[in-house]
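Okay, here we've got a single chain as structure tokens, the form predicted on its own, with questions on binding and movement later.
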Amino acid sequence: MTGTLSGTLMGIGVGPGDPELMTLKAHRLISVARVVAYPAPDSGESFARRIAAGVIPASAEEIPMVVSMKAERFPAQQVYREAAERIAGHLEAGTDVAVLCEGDPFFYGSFMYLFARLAERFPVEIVPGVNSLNACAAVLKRPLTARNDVLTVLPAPLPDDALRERIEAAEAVAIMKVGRHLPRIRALLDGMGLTERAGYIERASLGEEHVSPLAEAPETAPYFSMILIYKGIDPWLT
């Protein structure tokens, strides 16, 4: 910074879906924001915006960052580069920009791509949010891990060999972004004898939430779904 007044880039976690799980700080900052940015799919509504919709001022300028949800590769970095340039214009003019982030900004959050492009030029504030891990454990009503047990967080698109190796090395496992990978992962866990230790959660904290043992999970899963496994021996299981 060279002494000129700059706006602050705010990465604001809005939680897993239920608007009541937004923090008081997130609610306060969004409610007075003049510029609000958020990730959005190329079809349908932005999930982050949906969570915070009741708080965003009607007068706020909105910057949707539209990223394709198709399976094939897409130049997402181009989207973040263009969004960063637009956001930088507001920051240079002294206007704060609130970037809405599903869950938490730094836990698999797209905000990191804006942070990488803008943090050296402008002040940044990170507002943590309730992440999907905590939300899923809460609705499953089962602790994530205990004592010295190792918790391993795995993205479902990893190949079977990589998933198997990491699951074998951990006492507690969270498999995220299950979606279209559910049949493959269900078969893998069944072969490892872990199906009875696994819980399935989709759309945690939302009205359409589904929670069940993995053995009773639906045949298909949305992107916002997770499998939690506990292999440890902590007494809370008995």
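Residues carry their position along the shown sequence, with the first being 1. Computed from a prediction, not measured in an experiment: that's the story for all the values here.
Note that the form predicted in complex with another copy of the chain isn't included here; everything after this is about it.
Contact annotation: Q78 falls outside 4.5 Å of another copy of the chain in the predicted complex, judged by heavy atom distances.
Another copy of the chain in the predicted complex is not approached by P218, whose heavy atoms all lie more than 4.5 angstroms from it. Another copy of the chain in the predicted complex comes within 4.5 Å of a heavy atom belonging to H27. In the predicted complex, another copy of the chain sits within 4.5 Å of a heavy atom belonging to L21.
Screening R121, R164, R142, R86 for any heavy atom within 4.5 Å of another copy of the chain in the predicted complex leaves a single hit, R142.
Taken together, the three residues F106, N148 and L154 all lie with some non-hydrogen atom within 4.5 angstroms of another copy of the chain in the predicted complex.
Along 127-148, residues V127, P128, G129, V130, N131, N134, A135, A137, A138, K141, R142, P143, L144, T145, A146, R147, N148 each place a heavy atom within 4.5 Å of another copy of the chain in the predicted complex.
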